[in-house]
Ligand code: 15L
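First, one chain by itself: the form predicted on its own, in structure tokens.
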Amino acid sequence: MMHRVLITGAGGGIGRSLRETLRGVYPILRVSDRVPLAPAGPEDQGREEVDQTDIADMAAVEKMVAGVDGIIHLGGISGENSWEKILEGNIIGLYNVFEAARRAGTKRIVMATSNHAVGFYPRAQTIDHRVVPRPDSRYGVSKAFSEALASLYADKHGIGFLCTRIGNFGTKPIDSRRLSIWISPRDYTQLVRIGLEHSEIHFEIVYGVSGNKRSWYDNSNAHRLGYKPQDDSEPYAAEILAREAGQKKDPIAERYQGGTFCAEEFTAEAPPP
């Protein structure tokens, strides 16, 4: 049912990867970012439409989403930053995308939220999609907001949302924290396709992680929707743990799932429970 699919933030690492793995999956793939992107590839590999839009500009966003059946929303600020930049990219820009999608009649959005929306849960606790947000940063607050706004647009306007709380995306995990939160490109592609193609999605939150043995997440909601991860961080564990042996680490970062996002600017006299 997806004819034209839009990827916002297509110039980032996840966006570039999805541009490759989804090429030819849908008849038309529209890719957009506020920075210039590589030109469209050969049509025999799948038709592409290349767009340049700043999502803080509502008029431009309306043009970007015109004729789109589904959206993979990756655009915005992808890490901690000043409140002004978070506000522009992850609050105003997010609202613009959702509202323009509503006006255009788009019926499905897969959204990149983040583990940082729940980063202040301790690593000793396994959490699922039903826990209340405990953001670890201004960035994490913006991702908790994105899930709340998605819930509103699902209930009030009937747009189907899959919110993917991404851990860390990459070809392999690069440190011990990422052994618990890593997701491979092919596993994230699988989640995105579930979000776009599953017939019964209304509003769902899942964790964007591979089938990691060391995961802090109960990802049964993703499995309920048909997710079957193909990768696990465990083959990389021995090398990473040996490399980090004896390293001095921040106790706040090590206590919580959000890692250094929790430790940065931390001024409380005692850590939260």
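Being a predicted model, the structure only gives us computed values, none of them experimental. Numbers follow the displayed sequence, beginning with 1.
Same protein, other form: the form predicted in complex with D-galactaro-1,5-lactone, not shown, and the subject of what follows.
Heavy atoms within 4.5 Å of D-galactaro-1,5-lactone in the predicted complex are found in one stretch of 94-102, 148-156, 107-115, 199-207, which is 107-115. This chain is drawn without D-galactaro-1,5-lactone; in the predicted complex, the residue among 161, 188, 120, 139 with a heavy atom within 4.5 Å of it is 139. Residues 78, 168 and 261 are all found to lie within 4.5 Å of D-galactaro-1,5-lactone in the predicted complex, as judged by heavy atom distances. Residue 181 belongs to the set of residues with a heavy atom inside 4.5 Å of D-galactaro-1,5-lactone in the predicted complex. By the criterion of a heavy atom within 4.5 Å, residue 177 is counted among the residues contacting D-galactaro-1,5-lactone in the predicted complex.
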